[in-house]
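Here's a solo chain for you in structure tokens, the form predicted on its own.
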């Protein structure tokens, strides 16, 4: 008669722990659903690179300009493609996520490199992933922090700060040699340094370009702004003119007489 009572007592003592583990898994699964919905998009460190010199930071701490494009794959995974616009170098990783022991765990796979396993902790809408000690390797490249605003990853002392880009659809209308205007539609750029050029094969108008930035001033009294720059000819470094609006603006246009351009947030079309 005592044995069943002992078994019942043991089962009862285990029940709270099992329930706690189940509850933690459910919370982690909810967090993972939100994280998966948040990840796809284009990210760049345009602002970090632009303001590095103005903040008088040491030259040897300057980081390269990078684009990060995350797209869904089958079975709930993702492809993360990193591009260096200056060199054209690209790397690609395959990301998969699962819930293990009440936490989000990611596996990052790159051809020719060991897998990187990270364990994520959610804090106030941010997901911070640290390499799992027994699986950490140089391929992990440090920590990752993901949020709706973007990514921070790499060395804690000098991380890459990648901001989420918004996509805009634009048209550009350069003035031709006969003073009429050409028209190029369905140009896609984004507000984190996205750029596009309009060429003239027949030479009837100058080569023109546009670039968009969401300028986030790190210091001073300047207000953050959404800026549309205009370029002319072969000079790809110095804008001829620009216009701006509030940082969360959804439409921005220029009329410079020699070129007109208009961009609208893609979600608003």
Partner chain sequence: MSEMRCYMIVTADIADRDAFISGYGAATAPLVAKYGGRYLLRGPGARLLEAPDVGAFGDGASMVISEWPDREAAMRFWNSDDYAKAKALRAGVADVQVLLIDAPKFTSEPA
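Numbering follows the first chain given and starts at 1. Since the structure is predicted, the reported quantities are computational estimates derived from the model, not experimental observations.
Here the subject shifts to the form predicted in complex with the partner chain, a form of this protein not shown in this document.
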item: Full three-residue contact with the partner chain in the predicted bound form, heavy atom 4.5 Å, for 61, 66 and 84; value: yes
item: Exercise: residue 89 in contact with the partner chain in the predicted bound form, heavy atom 4.5 Å; value: yes
item: Touches the partner chain in the predicted bound form: residue 160 (any heavy atom, 4.5 Å); value: yes
item: Residue 155 within 4.5 Å of the partner chain in the predicted bound form, heavy atoms; value: yes
item: The partner chain in the predicted bound form: contacting segment from 211-219, 53-61, 224-232, 33-41, heavy atom within 4.5 Å; value: 53-61
